[in-house]
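In structure tokens, the next block holds one chain alone, the form predicted alone.
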């Protein structure tokens, strides 16, 4: 069978492969991430997929037959976090606003701190600016929010700023003027001046204009987005070229597509590459949406447990939420992202004792791909949750990544005793389980808070558990939350890559606006004209990009939408519009769509249409359908697993005592089989723990349904 889609997710710990054939059947693979040479980890993961699934095929033959290569990963975010991006960068901004990048916003000092730290102002600190003050130059100009030019650009100052930055040796120049989203003419003038000066100086430095990267209101978010585009995203083009070159040498002809933060895929040449920075978590939520459409679930919570973080995203009323303001490594940005929130809690999280209080602290930092002290070659000297799982028997030290990585249980116990259990004066098993319970509690409280914060309860949702560590910890972090159902896909380890493979090719553009729909409809004619003009301008820009990528603009499907809120509110919702251009009488349909969406997401009593509606963004997306995977659909057999699924029993520690647990090989379990705890289901890519008092049934789509066992 010929494989058509290869989806890759390069996480901080593991690189996951999701390979789909022409009939929608898929196989998965997993290998350790190779941060400096990501193509190596990709090839190792693909090799693992073919090997684990016993597919007799050469990598070259598989790559040659591909129609699509979809990438999600952490190249950009890691570069930003580790401060290894392009530098130095110069900045030209409106005079008087030179310190905007340094002052930031108050929330940048605490937004990504643990809740315990947010309570203490002494712990707060601002991220160090990516651009130092000496690399920032201001030029006089002023455009009003209406787009009217009040003060012309002082061209001489712009020229002096460019010459100054050239002498400083900058490798790129960002231009972010105060209201360029309303009228970009001054930014365009600065670019023209810069190109003339560079020609005179005999240098060539790339210039990035904020109105092209992110033409929305909010100068700090627009500025940070532009700077992070230069610092973190632009160097990735070289990385993607390396991946493309190495895979092309092996026979791949398919184009590389990168998953965006808002749920489509784009080319590596896409101008706004910064919109792909959080592609990994996005893939998981797309996978949840895909499952929800198949099973008919409208309310789903996706939970991703990796080696470094615990990510949570919600699908409510059949739709995932898009947020237009977020932070990346504490830098406020304002481009659209599927709403996924994270805490630093994963299987690689470090376990430490406070030297004064002897209190156990887990994370937020992690051993990442180095696993823990149980993997000698990793060079880690601080114990992790992985080490606790090895000590408790939940992880098989001889079957981690199918045996490719050997873990040393004795070393884990010795170092756990030295660092945790001996100072606490408890047995090593008790200490290890206590740490496991603590991280499960952190995840459970965070998960519950995320759901309750929307005005719903866990009882309204089905939960999907994925990530390499998800199946290990699912029972622990869902206990007592009473979800409608808990789903653990057998391909949980590559679920984000699976979600990426469901994404269509597409581009999105946002345009800030402030259009008021009055209760009496007196502004409807003007608003209609403004909306049609905005969508028309965005379509022209989109058509240019599509042509540059060799795609016929007539072959894509255009989807207009708006972000709206009741007048006086702070939070807006994204409202789909059937088509454009619209007529005046379509305004009432748009209002009704917003009312219906608001009622499903928030309390009905908080609706306030009598105040009117504010349109905050005009949005246009386009999409081009791509091949999709299909879930397996296998008739269910009997409850009892076949003999070949059984492996030798192993003792696991749970609930303060040792249990003789049944061990199963995941691939040999058949739909209809029920696994009762205490049991462990093993696969090369992940481990699924079914504790005492729980059971899991494998359905026809090869997804486990985990629940507490009424038999006790």
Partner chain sequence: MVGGEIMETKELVRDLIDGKLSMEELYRVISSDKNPHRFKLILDVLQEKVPWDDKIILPLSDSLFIVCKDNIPTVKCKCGFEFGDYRVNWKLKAKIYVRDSEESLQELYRPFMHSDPSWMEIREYYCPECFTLLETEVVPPGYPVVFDFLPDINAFYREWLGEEPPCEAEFVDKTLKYIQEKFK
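Rigid core (definition): largest C-alpha set, two forms, superposition within 1.5 Å. Residue numbers count along the first chain shown, from 1. Here the structure is a predicted model, which is why all the values come from computation and not from measurement.
The same protein has a further form, the form predicted in complex with the partner chain, not shown here; the description that follows concerns it.
Note on contacts: among 521, 235, 129, 344, the single residue with a heavy atom within 4.5 Å of the partner chain in the predicted bound form is 344. Of the residues given (627, 632, 364, 402), 364 alone sits with a heavy atom within 4.5 Å of the partner chain in the predicted bound form. Here the chain stands alone, but in the predicted bound form its contact with the partner chain, taken as any heavy atom within 4.5 Å, falls in 117-125 among 264-272, 164-172, 117-125, 634-642. Annotated contacts: 113, 352 and 382 all touch the partner chain in the predicted bound form [non-hydrogen atom within 4.5 angstroms]. When the rigid core is held fixed, the Cα atom of residue 123 travels 2 angstroms or more between this form and the one not shown. For residue 462, a C-alpha deviation below 2 angstroms is recorded between this form and the one not shown after rigid-core alignment.
In this overlay on the rigid core, residue 330 has a C-alpha that sits 2 Å or more away from its partner position between this form and the one not shown.
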